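One chain follows as structure tokens, the form predicted alone.
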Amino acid sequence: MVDDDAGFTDATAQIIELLQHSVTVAGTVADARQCLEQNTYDLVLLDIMLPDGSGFEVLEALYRHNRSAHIAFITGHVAVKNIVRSVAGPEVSFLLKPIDVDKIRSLFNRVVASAEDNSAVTQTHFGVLVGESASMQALYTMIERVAASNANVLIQGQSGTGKELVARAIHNASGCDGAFVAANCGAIPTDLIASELFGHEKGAFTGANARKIGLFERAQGGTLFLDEVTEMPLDLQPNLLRALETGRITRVGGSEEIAVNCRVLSATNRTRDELASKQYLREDIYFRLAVFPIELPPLQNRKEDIPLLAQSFLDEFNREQGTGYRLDNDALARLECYRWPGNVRELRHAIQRAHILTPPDAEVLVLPDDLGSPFASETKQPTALQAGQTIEEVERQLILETLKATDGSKPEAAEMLGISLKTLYNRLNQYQQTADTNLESG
């Protein structure tokens, strides 16, 4: 229940508890966001106007962390309903002040009935994971066990298998008080990684116009998730290692050590063999990050979960757009026969694409003729060399094909080609300049 009227929330909370439901109260947008990051809820009672913003700002966090929750806006004016529905969608409910037992009981009965209708379709584990296969049941057991400890976890799996969702599941299962803070190490510029992780003081470098709190401090008492951790340059990994070993960090440009207390979860799509044979991670930092390694199965190894996942995605899109499409047996059979090299992410993309293309008056979801995407297709053989190609053209083809083979990893491609990373970047910049010149001349 998100409302800044303490008298109202106290009285309403007592009624809810008398009806044998548990309730959490938040008085601000910030408090509500923190609650939604840490827990999952069946129902969110939401005031429209809050001291630090509006209820619509809470919706952003709700859709991100707890999309299945039912939303009921608290208002004292009937006329507000249509305005709110135009923004929040038709599925929201309303709780009109003054509140009494009958109004709250009626609202809860509707939510419980809706949950019972949906429970036969999909069930989520830890608020985020879908699947009942043997491999997923084993994963749930591992999550429960590691969540009870403070051990750092390295999550490994192919691209699209849901590594961040597993990290969120561990965070949710742990019941910690702090937030879930995520960062993609592969997307942070090399010269800003230290600032992002540890923060910086004002004037620490050009452009540092104010103090910045880093990810470790933001995750205090919670969970820090480092995605694509193997893309962090080796020369910066000792700084991360020291933070993991000592539990203390120093902001860039600062001198004071700051104690931090958060669990670190990390993820990579590199295989165990790649980690062992190629130096993506220093050995000492691997043992700190991978106290408890978890390997996620590709979707083709748990095909019995495909109908559950597809239905879960379709339910999501139906709720968002106010549609009622369903999956028939023919569609489910097609989904189960496809390999899904892009894993769960590719399946979600296919269902969303089908949802957009299905005619508005249709009852059954219409799948496209081609389920696959160009980025998740089978590995193709490099284009054969042709007589008359210049050395520059052959070199360009070799570099681009090598990048494809390494899934775009420039450090790995440079190593395979036997050139420095700087040389690789110079070549790629040269190709881009040539393409821009040809475009302008054309």
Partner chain sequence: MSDHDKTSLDRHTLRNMLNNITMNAELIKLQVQQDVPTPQLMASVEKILQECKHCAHYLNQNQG
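The shown structure was predicted, so the numbers you read here are calculated from the model rather than taken from an experiment. Residue numbers count along the first chain shown, from 1.
The same protein has a further form, the form predicted in complex with the partner chain, not shown here; the description that follows concerns it.
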| property | result |
| --- | --- |
| Answer range among 359-367, 269-277, 163-171, 101-109 for contact with the partner chain, defined in the model of the complex as heavy atoms within 4.5 Å | 101-109 |
| Proximity of E415 to the partner chain in the model of the complex, heavy atoms at 4.5 Å | yes |
| 4.5 Å heavy atom contact, Y425 to the partner chain in the model of the complex | yes |
| 4.5 angstroms heavy atom contact with the partner chain in the model of the complex for V23 | no |
| The partner chain contact in the model of the complex: T434, any heavy atom under 4.5 Å | no |
| Closer or farther: C-alpha pair G221/H21 in the model of the complex, relative to this form, given a change of 3 Å or more | closer |
